[in-house]
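Just the one chain here, laid out as structure tokens, in the form predicted alone.
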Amino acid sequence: MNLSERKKKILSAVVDESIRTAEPVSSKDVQEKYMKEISPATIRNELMALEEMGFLSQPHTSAGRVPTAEGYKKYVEELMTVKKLSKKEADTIKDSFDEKLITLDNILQKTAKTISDATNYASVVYYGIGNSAIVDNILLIKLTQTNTLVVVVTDLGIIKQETKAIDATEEDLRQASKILTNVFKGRRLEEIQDNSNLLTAEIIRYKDIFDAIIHIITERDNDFDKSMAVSGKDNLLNYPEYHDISKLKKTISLLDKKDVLFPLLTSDNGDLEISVRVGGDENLGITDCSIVTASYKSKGKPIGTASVVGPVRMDYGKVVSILKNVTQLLEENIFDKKEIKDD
């Protein structure tokens, strides 16, 4: 729905003021703080029109207006200005990554806390090498007489590792590593399916290991606890929206149910580096919160996402700026330096 330039300015003013105050916005507020050149009567007429179009609502007859979910969507899609971080804010974020982070768990936990501290909302950070990664090596490491560590390494790093009950000598495992690496090397993860069409007579004897590798590749995104970190749930208590216990419970429940949260953070968004899901969507299960997600990459390929979860009345412009800053630091200072160890 196309809006006139004046309606756009008024809707933007109502959203900005609502984000700042958490209160309904009157025509007088808009006139005095944003549009002194326009009369309050004209602004009232435009507010009524925006309400009829579904972008604003009026909680009470004598109250001002508040943005609806559709109003916030319009704001995000067309009107939002990404706010530049202050030097202090940018330095604080950068300093949080000065500590040497060499394990995946360290990185996820530190990044989630940095984002939640910077935004004062909840945050979720996910790591999972995408389908475009290419298998580089298969490692089989003998742990005990009957246990073997199976590791799949790609051009973007280790995707996952599993311990399997395999009774084999170290020499057998070395030979199996070479043979299986030859089978899988150079294949994109998306090409490898849960079947045995790659089996040859040469590797029939290693079928258990072969099946373990197929399982690691096809089920790699299901280990949510190890690949996802959540921080800042307590921050939500700072917002009046969540003084309604039922709304707070719904949002906290979403953050606790990683299998439900996962599709919201990782669904295909095409080439978008920033995805904004505005609340009020029953189908997505985010009626009482919004989610802003940024992807981060290694070698130009997506390997994870960093997200902010907060009220629909979220400061989207600042959140987007913080996520861009954090994901850039992740890409430049951590994932492209190859210093990460899988836990």
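For clarity, every value in this text was computed on a predicted model and none was experimentally measured. The first residue of the shown sequence is 1; numbering continues from there.
FYI, the form predicted in complex with the DNA isn't displayed, but the following is about it.
Visitor: Please identify the residue among 317, 64, 311, 302 with any heavy atom within 4.5 Å of the DNA in the predicted complex.
Guide: The residue in contact is 64.
Visitor: Would residue 298 count as touching the DNA in the predicted complex under a 4.5 Å heavy atom rule?
Guide: No, residue 298 sits far enough from the DNA in the predicted complex that none of its heavy atoms falls within 4.5 Å.
Visitor: Answer for residue 69 alone: is it within 4.5 Å of the DNA in the predicted complex, judged on heavy atom distances?
Guide: It does not: once the DNA is placed as it appears in the predicted complex, residue 69 has no heavy atom within 4.5 Å of it.
Visitor: Test of understanding: in the predicted complex, would residue 6 fall inside 4.5 Å of the DNA by heavy atoms?
Guide: Yes, residue 6 is a contact residue.
Visitor: If you check in the predicted complex, is residue 10 within 4.5 Å of the DNA, heavy atoms only?
Guide: Contact check for residue 10: no, nothing within 4.5 Å of the DNA in the predicted complex.
Visitor: Honest question, do 88, 92 and 118 all end up within 4.5 Å of the DNA in the predicted complex by heavy atom distance?
Guide: No, none of the three is in contact.
Visitor: Output the sequence-ordered list of residues from 27-42 with at least one heavy atom within 4.5 Å of the DNA in the predicted complex.
Guide: Heavy-atom contacts within 4.5 Å come from 27, 37, 38, 39, 41, 42.
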